[in-house]
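So this first bit is one chain, no partners, the form predicted alone, shown in structure tokens.
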Amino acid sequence: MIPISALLPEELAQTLQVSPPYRGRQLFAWIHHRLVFDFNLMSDLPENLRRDLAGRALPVALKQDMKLEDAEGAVKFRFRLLDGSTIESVILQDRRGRKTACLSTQVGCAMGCLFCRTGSLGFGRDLKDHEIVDQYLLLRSLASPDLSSVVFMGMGEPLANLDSLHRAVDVLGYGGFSPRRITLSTCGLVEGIRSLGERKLPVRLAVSLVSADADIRNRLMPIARSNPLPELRRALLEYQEVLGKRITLEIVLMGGINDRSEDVEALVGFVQGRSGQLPLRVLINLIPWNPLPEFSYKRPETRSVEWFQERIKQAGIPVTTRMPRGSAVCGACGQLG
């Protein structure tokens, strides 16, 4: 069976050997616009073609394995892949009712961040482009056809699977979802950021910095040792020079670990640069750590988060604090898996 969700209209016609060529446009419209995944329901296709395609193609290859909802509108799904592996995807709703789809790019994660449940799973494999697109289609079909944004902040490191991700973004864009409403979150892979700049992929970039203190960052994020802060900062400057976009720096705050006065100073210094260095144009997003029973870290007190945010504001740097969403279904940042 051929998974087809990541094929564009011309590719659908060629891969499935259907004619005339406009059949590819019809198939794409049924799958991506009408969210119909059963060939038998694609009424403008000839009956014999529908029977033929049902025997050799898969509009979506993922199967729903679990669904959890909370009172605030968060919905978490576990999907089973064709090889039996599972991934999780989430829809989060803000106070204005806007819905964001949080998609995964890998089975598990190889980055090993010590505060993240997904990082404790280890790495399974990269997702294929159609498996990324399938999540987007299924979340729209099963939970919300209208999405305000898409974030690649689910399971896995997006920049470690950039080819499949790039293709998925292209397909979503062709289907009408602007890449400018897509955010890619990375733990800070320097070469991946440079590659993203070279491709000029018009998505928003978020970097899970966690700390601008090298010792703390190295301890919490093993990948930081091979992607040190000075090199990461240079890569971000190069990225901004090419794309001109503001970058989000995500700081997962853990009580007593990276919420101190010296942590603020290190973060401000990273953004503003030392003498002779260009400043970064950023938004800092503070994310109070989402509790996990098997981890010993502590969520910082509200007054500590407010103090941290105010110190950054005083330095003239834009800053927000992410409101907790999805924790009741273990669908918040760092809880997947």
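Don't overthink the numbering: it's just position in the shown sequence, from 1. Note that the coordinates shown come from a computational prediction; the quantities given were computed from them, not determined experimentally.
Same protein, other form: the form predicted together with S-adenosyl-L-homocysteine (SAH), not shown, and the subject of what follows.
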property: Position in contact with S-adenosyl-L-homocysteine (SAH) when the complex is considered in the predicted bound form, options 157, 129, 259, 88, heavy atoms within 4.5 Å; result: 157
property: Heavy atom within 4.5 Å of S-adenosyl-L-homocysteine (SAH) in the predicted bound form - residue from 115, 177, 123, 239; result: 115
property: S-adenosyl-L-homocysteine (SAH) contact in the predicted bound form: residue 288, any heavy atom under 4.5 Å; result: yes
property: Non-hydrogen atom contact residue 152 with S-adenosyl-L-homocysteine (SAH) in the predicted bound form at 4.5 angstroms; result: yes
property: 4.5 angstroms heavy atom contact with S-adenosyl-L-homocysteine (SAH) in the predicted bound form for residue 187; result: yes
property: Residue 250: touches S-adenosyl-L-homocysteine (SAH) in the predicted bound form, heavy atom cutoff 4.5 angstroms; result: yes
property: Contact stretch among 268 to 276, 306 to 314, 289 to 297, 45 to 53 - heavy atom within 4.5 Å of S-adenosyl-L-homocysteine (SAH) in the predicted bound form; result: 289 to 297
